[in-house]
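Take a look at this single chain, the form predicted on its own, given in structure tokens.
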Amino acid sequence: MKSMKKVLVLMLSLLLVVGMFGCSKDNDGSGKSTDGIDDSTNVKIGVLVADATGAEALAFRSYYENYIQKQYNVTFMYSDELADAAAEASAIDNFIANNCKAIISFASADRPAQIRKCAENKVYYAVATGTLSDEEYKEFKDNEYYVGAIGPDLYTEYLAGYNMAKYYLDQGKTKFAVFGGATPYYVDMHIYRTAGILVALCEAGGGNYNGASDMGSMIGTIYGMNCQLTPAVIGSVELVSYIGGYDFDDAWFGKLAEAANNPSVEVLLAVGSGLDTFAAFKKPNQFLGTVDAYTADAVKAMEAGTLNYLAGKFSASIGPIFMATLSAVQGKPIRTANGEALALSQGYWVATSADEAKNFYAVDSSTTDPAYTRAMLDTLFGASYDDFAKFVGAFSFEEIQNLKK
């Protein structure tokens, strides 16, 4: 009887060992997982950041350092906050000196210069949450060291502003105050979001803003005004107040307070940083919408009724560009049939209630089961362009939950 027990124990032990090896990513001891990813050698990746302390920037960093870095044999090396092209160039030199094999960029003072410097030094380069202009893409799409860009394209940015304004216009609101973020600094994504707001006002009001009423003409008008916008009556609706820039001085805060305190203003709209600008001055009978990020503070603001509309990037949205970069470093670049670099767009998660915001944030802040897990990202290693694009295109919260099933 004792012999039989020993045999059973031995058999169970062997089954457990076989099961462990059967589930392992590394079946042959080579360090290469079953999907071809080489986990035997650490890959150092430099990360350029223009914003080191904002909620969105911190969420992105948390995903890379607290999830991706623990799942793959990679090390992320972050730059300090970069204010200009010279600082970006210096940071790249430092990454190269520290043997980084690739650079993922969140900084955009001079992306062409960044790409050229990386290519000259045979270091792969990717844009994390933005796009190149058509002219820039044409220049670099065939460069083997340019991995590509994944993030909201400019039309998506335009729609983020348009849909936010339309949400309130459809409720019959007619008096708006707008914070245009970095529009005065000629930052494209904020310009396009602002243009979207203005076009929505024109459509609802039956008028025009300085002669413009559609996307193309509105972009031209904004640039024609040197990105210094002014209030205006637009048919039956009104842009009561407009504030742009990030001065953070008494005069700037005074303008924000004056806009919110205007008794006719029903809705406060921010193309970025809504909680840092209008929230402190919002009146109980006003509404506040912003394009921003999913954070604990944003969820609390929605629960309190301070914030009513939030369009935000999800932190794991930078997972696919990481995998495209790792794939390129390990000899399996993801390119179009013509050998061109990635140029893919992702949109925003939009919450209009506290429950939606809480649900989104619970997933977005998870370091164990984020929106894009390792199992999901592994399917992208060395993938075809079409398969990769299909994955990235299914970016809505509901679509991503379905991908996990």
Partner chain sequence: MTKGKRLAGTIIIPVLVLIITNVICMSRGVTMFENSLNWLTFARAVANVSLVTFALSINLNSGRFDFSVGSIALLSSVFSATLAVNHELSPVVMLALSLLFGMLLGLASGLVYVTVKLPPMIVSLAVALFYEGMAYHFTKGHGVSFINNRELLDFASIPNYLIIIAVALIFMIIVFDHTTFGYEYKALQSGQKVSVNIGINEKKNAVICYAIAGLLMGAQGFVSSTTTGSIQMALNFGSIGPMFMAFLPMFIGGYIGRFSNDKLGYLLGAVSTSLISLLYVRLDVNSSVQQVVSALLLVGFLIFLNNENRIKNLFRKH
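Residue numbers count along the first chain shown, from 1. None of these values were measured; they are calculated from a predicted model.
This protein has a second form, the form predicted together with the partner chain, left out of what is shown; the following refers to that one.
Scanning Gly220, Gly254, Gly331, Gly211 against the partner chain in the predicted complex with a 4.5 Å heavy atom cut-off leaves one residue, Gly254. Leu275 is the sole member of Ile321, Ile234, Leu132, Leu275 with a non-hydrogen atom within 4.5 Å of the partner chain in the predicted complex. Stretch-level contact analysis of 323-331, 293-301, 211-219, 150-158 against the partner chain in the predicted complex, using heavy atoms and a 4.5 Å limit, identifies 293-301. Contact here is defined as any heavy atom lying within 4.5 Å of the partner chain in the predicted complex, and by that definition not a single one of Ala337, Thr379 and Asp387 is a contact residue. In the predicted complex, the partner chain sits beyond 4.5 Å of every heavy atom of Thr174. In the predicted complex, the partner chain stays beyond 4.5 Å of every heavy atom belonging to Glu203.
Using a 4.5 Å cutoff between non-hydrogen atoms, Asp142 does not count as a contact of the partner chain in the predicted complex. Taking the partner from the other structure, the partner chain in the predicted complex has no heavy atom within 4.5 Å of any heavy atom of Ala126.
Of the residues in 254-286, those that come within 4.5 Å of the partner chain in the predicted complex through at least one heavy atom are, in sequence order, Gly254, Lys255, Ala257, Glu258, Asn261, Leu275, Asp276, Ala279, Ala280, Phe281, Lys282.
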